[in-house]
Structures are given as C-alpha cells and as structure tokens.
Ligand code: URA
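Form predicted alone, single chain, as structure tokens, below.
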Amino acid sequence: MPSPSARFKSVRIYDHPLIQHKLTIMRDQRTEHEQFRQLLNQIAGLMAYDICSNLPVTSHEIETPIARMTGVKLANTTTIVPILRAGLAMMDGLLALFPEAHVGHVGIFRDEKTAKPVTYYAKFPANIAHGPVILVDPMLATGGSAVHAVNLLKEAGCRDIRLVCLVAAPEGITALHAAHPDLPIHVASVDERLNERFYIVPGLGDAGDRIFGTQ
C-alpha cells in the first residue's frame, strides 16, 4: 500500500486507491464536517496497519483449545500522541487497531511576536519512552508544530517516533527532516506547496475547522 517518495528521505506515501478515494472526498469543499471526520478516522485506521508492521514483538506461550503453542505479543506499549486540536480526530481510527494503547496529548501555538512554537499543554504517560510513539496531525504545513512536538517527545526520552499525517507540504517535510532526519513520516499525499497564508495547496483547507464544524 505505501510507496516511498523519490523526493524525500523517510517519507512513505499511501497511494492505495481506497485511501485516495476517501481523501478526494475530504478535499471537496462541499463535504460536511461529520463526513470529513469519519473519513479522516477511516484513513488513519487504514494507514495504521502498515505503520505498525515492524513493531517489536516477543515470544508468548499459550494454550489453544487443541494444543500448546508459542505465539507473539507486542514487546512494549504503544503510545498515540495527537497534536491538538486536529490530531484528536484521528484517534478513533488508531485506537480501533490499538485499544490497549496509551494516549498522550500536546498542544502548541505560534507566538505572534517571535513566530516560534510555544507549548500550552503537554501530558504524556509515565512510560512513554519504553515503547513506540505514533505522533498524529492531519496536516504538515510549515512543520513548526511537528518539529516542536518531536522535540518534546525526545526530551521525554522517546526514540521510536513515527509521524502520521494526511496531507503534507514539501516545505514542512524539509523543515522536519532538517531538525529530525531520522523521523519516519507517513502521509496520504505530498501536495504542491504552501501559499502566502501558509495553507497547503491544493490541500483541504483548515483541518481543525472542517473537523469540528467551526469554519
């Protein structure tokens, strides 16, 4: 399902027809917030299956109704961290696959005077550094929020971090790679560019407003 991007290192583009079909409906300005939110969760769930294909496992012995056998179980607890607020809308799709996952939250805003990201909320599970972290945000535009969120996670001791986005701009990927060249980025689409207002082109508008019906 995913294909590597020839332009960017460590970027996986999910070009599966079903994902692209759902993404096209989301891009349409006529799509209402309820359907937009449902489609976002569906795409997140479709992407999650492959994103976690290489999670570390350990051997685990069990008794089936017929015989004893050795299977596997995940070696560590996975933590999902949405970047507020839009990242929240991807949670149901991911938690459907990982109901046992822990959940952290990070909220970031841009200081109007310095143009630098500022943390207004960060809450992580105590054992977040012990397992993989899936960082989620529908949009990767300038990359500022994502870079800042990854900084916070690395300061908390996290080393296995995977970023999941719906749509990314080349400028955001470049910024993220400059700050964290080791970070895998999973996206449904790498779009053309950012416009003068820092919106992704063609994009899908303000994801948060379209998710929560606040536009």
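Each residue number is its position in the shown sequence, starting from 1. As the structure is a computational prediction, the values presented were derived from the model and not from experiment.
Below, we refer to the form predicted together with ligand URA, which is not included among the displayed structures.
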Review point. Ligand URA in the predicted bound form: within 4.5 Å of a heavy atom of each of 110, 199 and 206?
Key: yes
Review point. So in the predicted bound form, does residue 133 come within 4.5 Å of ligand URA, heavy atom to heavy atom?
Key: no
Exercise for review: Indicate whether ligand URA has at least one heavy atom within 4.5 Å of a heavy atom of residue 81 in the predicted bound form.
Suggested key: no
Exercise for review: Answer yes if any heavy atom of residue 101 is within 4.5 Å of a heavy atom of ligand URA in the predicted bound form; otherwise answer no.
Suggested key: no
Check your understanding: With the partner left out of view, is residue 89 within 4.5 angstroms of ligand URA in the predicted bound form by any non-hydrogen atom?
Key -> no
Revision key, fill the gap. Of 138-146, 91-99, 68-76, 123-131, the segment with heavy atoms within 4.5 Å of ligand URA in the predicted bound form is residues 138-146
Review point. Taking ligand URA in the predicted bound form, which residues along 19-38 bring a heavy atom to within 4.5 Å of it?
Key: none
